[in-house]
Ligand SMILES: CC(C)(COP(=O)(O)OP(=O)(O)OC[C@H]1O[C@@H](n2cnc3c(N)ncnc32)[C@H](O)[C@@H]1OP(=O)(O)O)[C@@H](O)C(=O)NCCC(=O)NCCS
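Take a look at this single chain in structure tokens; it is the form predicted alone.
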Amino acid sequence: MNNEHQRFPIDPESAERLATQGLRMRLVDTASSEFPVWLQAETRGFHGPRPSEESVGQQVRGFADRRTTGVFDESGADAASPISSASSWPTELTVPGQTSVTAWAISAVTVAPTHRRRGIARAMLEAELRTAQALGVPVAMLTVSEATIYSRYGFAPAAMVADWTIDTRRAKWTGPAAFGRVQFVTLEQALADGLELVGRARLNTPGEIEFSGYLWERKLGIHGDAGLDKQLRFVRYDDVAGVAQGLAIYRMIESPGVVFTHTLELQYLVTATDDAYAGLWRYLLEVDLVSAVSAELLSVDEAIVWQISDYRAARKTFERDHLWTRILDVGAALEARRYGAPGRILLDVSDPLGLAAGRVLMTIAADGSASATSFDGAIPDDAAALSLSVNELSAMYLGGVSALTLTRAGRIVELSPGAAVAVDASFRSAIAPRLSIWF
């Protein structure tokens, strides 16, 4: 898409709606002096402290390729600062079948406390969705700070995550032996070489996205918490052929009041093979002077609990929604992924915003590929048919949310007997969807 997304005209419907309130919605030039002002306002919108010049400079460089939108109240005392912000860009989202779909990533959505409850967030989000659809992007996505806002725009949680804590005094390794090599690498080596590994591993897990630049550097502690990069350790796993297959980033937190006892705080773990997963987890659990390993943004279905002697030594301390998706083009989105069982599925999709409404008939082949076409006729006798909103379809899209569960919850209506079970057989992913970063 090159940089077309940055130059694409502002959505006229939302701009006109805000103009009736004396507000101006427009693009912000990320190459101009107004971009640092926008970044300051975005930080304020999340109640963060005023960023330093160094931090703003890092963000200016890191976010220069994003589409940046602001809403301005030119009658205000600080007319140069936006009272609302949004940032977006197209990137690849992993879907079931070790393949990808282009998705519209939406970030930095804020509204100043002085201008809340005036429909500004609605105008901004609807503008993002219409812009993505106009650019031919079939799916929108975001990571959310609040879980009660985005469903009204057709989004739904599609990839969950969990925080885990493992008591290393009880968790003796019982998993497979890994015959590769675990070794420390420098920050510079991780920065230069780690992203290739991240890209190679991404297709293994639905919900992961393609990322680089600022988002990768932030994982390495280069941005964000002051001095975090000096606390982090970088450990790489190379297989027997010497190919890098995994990377763990962690730091040590000394236990208060207990001498020489630490919690190993796992900041990020990426593995391209099961061998690397076993090799790095065994290393992490057997580091001396450590009583616990803690980690955020892991899968809700981690294999590590089956690789230690005491199942109860590993526990989820917090499980939550993380990646929310919103389908914009039903046919293109459904054809982008692969499915677990062949068959025919009829989906009668409603959409309050009118972006993805309609009836679609899917034909899933034995190899898991699918074709999806608009359909207006009677339900075919051999089709599993469901009536659902775009929210439910978006929740099911990555294969981590059950059609049967949504049917039992009253969110989906079966139009043919046993349809939810049949749809689950096709849609469910063998790998639990997960996104390992915030964006």
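Quantities reported herein were computed from a predicted structural model and do not represent experimental measurements. From 1 onward, residues are counted along the sequence shown.
Form predicted together with the ligand: not shown, discussed below.
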Find the only residue in Ala336, Ala121, Ala171, Ala190 having a heavy atom within 4.5 Å of the ligand in the predicted bound form.
Ala121
With the ligand left out of view, which of Leu297, Ile304, Val109, Ile209 would have a heavy atom within 4.5 Å of it in the predicted bound form?
Val109
Considering the ligand in the predicted bound form, find the one stretch among 142-150, 283-291, 95-103, 243-251 with heavy atoms no farther than 4.5 Å from it.
142-150
Within a 4.5 Å heavy atom cut-off, is Pro36 in contact with the ligand in the predicted bound form?
no
Is Gly45 part of the interface with the ligand in the predicted bound form - any heavy atom within 4.5 Å?
yes
Close approach of Arg315 to the ligand in the predicted bound form, 4.5 Å, heavy atom
no
Can you tell me whether Arg320 touches the ligand? I mean in the predicted bound form, with a 4.5 angstroms heavy atom cut-off.
no
